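One chain comes next, on its own, written out as structure tokens in the form predicted on its own.
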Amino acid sequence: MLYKTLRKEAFRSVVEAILAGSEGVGPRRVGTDRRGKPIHQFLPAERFEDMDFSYDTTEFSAKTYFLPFREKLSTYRFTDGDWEQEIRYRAEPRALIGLHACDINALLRLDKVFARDWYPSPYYLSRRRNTFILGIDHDPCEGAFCRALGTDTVTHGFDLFLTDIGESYFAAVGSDRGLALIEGFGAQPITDEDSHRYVAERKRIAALTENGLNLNNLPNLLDIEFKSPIWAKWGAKCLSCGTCAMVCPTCYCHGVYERISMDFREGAKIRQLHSCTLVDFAVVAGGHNFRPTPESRLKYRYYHQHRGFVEQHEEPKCVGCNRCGRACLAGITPVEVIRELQEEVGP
């Protein structure tokens, strides 16, 4: 990893240069909640002033710019006993500005599913490779447990990642295009003093993030607690609405269906995101439902996040952002569920 420092007064010029060359997306304030707290979303932005980089978190993650809720995979037309298919990939440059470490880590999880060596998704890859990512360090957000999962810091998956060290930003450079960009705005090599300030800032953030949650043994704990009554307790609250998966930065379960015109002259193949907590998620031909109760569906969501994904990809799918906990209409939060499972087993 290459490190530079960037004067704070140059940050605006860097962002404006990014916006001049690509479609910009950043954190924008869209309103306030019932407590008067600002609500932010990742939305298109044309000016530096459009974005609020002091945001806590966003309701929805940046996942939607790589894995849309609904996406047309192909269209086809039938004429004169033959057919033609059209497939389009996004090639226009885009920049995501102001992502936090947990959201960049979430994209790295999605990379393991959609950008792997075998059967990669060309739709995902076309967006990922044409997206410039500028990340910014931040104080922990409400209810987050990213430190317990090691996702409060990030070492790759971005072009630039900035940490406030006073009069300058400590810039981690993750790509050639990131380096070329900031060197045009006076980036300097780091000094020992810069390094000390960076370490001090990271220690300060880490102290704010500490909540005592230890997830090191969670996969084994889930195996032990598979039949725990705690699942029935939280499952009874679950509304099976799927909100948790829609706001989650790493949930990727989806279905593919075809839509054919009434005259059978044209059709389209469409992918749409699904949720493991929805009633019909595990329904198969014949109408049998392998997960008929809210309890079973909620449990398997946690098992995929913290057990199945670990077995397949050697790390949890969850990045600890707590978007699901904040958005849940029934008040189900991952920290409470996990702590109750840990307390049931005891020391």
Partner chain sequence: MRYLKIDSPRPRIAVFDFTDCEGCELQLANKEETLVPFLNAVEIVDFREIATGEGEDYEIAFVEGAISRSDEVERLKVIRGKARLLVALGSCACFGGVNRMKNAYDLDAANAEVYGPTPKETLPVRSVKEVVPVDLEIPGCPVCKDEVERIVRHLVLDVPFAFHAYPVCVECKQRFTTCLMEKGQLCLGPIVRAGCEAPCPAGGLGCWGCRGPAEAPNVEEFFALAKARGFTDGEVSERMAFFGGFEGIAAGGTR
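Positions refer to the first chain, counted from 1. The shown structure was predicted, so the numbers you read here are calculated from the model rather than taken from an experiment.
As for the form predicted together with its partner chain, it is not shown, yet the points below apply to it.
Although the partner is absent from this view, Met262 contacts its partner chain in the predicted complex, with a non-hydrogen atom inside 4.5 angstroms. For Cys238, a non-hydrogen atom is located within 4.5 Å of its partner chain in the predicted complex, even though that partner is not displayed. Taking non-hydrogen atoms only, Phe290 never approaches its partner chain to within 4.5 angstroms in the predicted complex. The closest non-hydrogen atom of Gln188 lies beyond 4.5 Å of its partner chain in the predicted complex. Although its partner chain is omitted here, in the predicted complex none of Arg147, His196 and Leu208 has a heavy atom within 4.5 Å of it. Here the chain stands by itself, but in the predicted complex one stretch of 272-280, 85-93, 213-221, 154-162, 272-280, has heavy atoms within 4.5 Å of its partner chain. Of the residues Glu295, Glu315, Glu59, Asp56, just one reaches its partner chain in the predicted complex with a heavy atom at 4.5 Å or closer; this is Glu59. Proximity to its partner chain in the predicted complex, taken as a non-hydrogen atom within 4.5 angstroms, holds for one residue of Ala10, Ala330, Leu19, Val337, which is Ala330.
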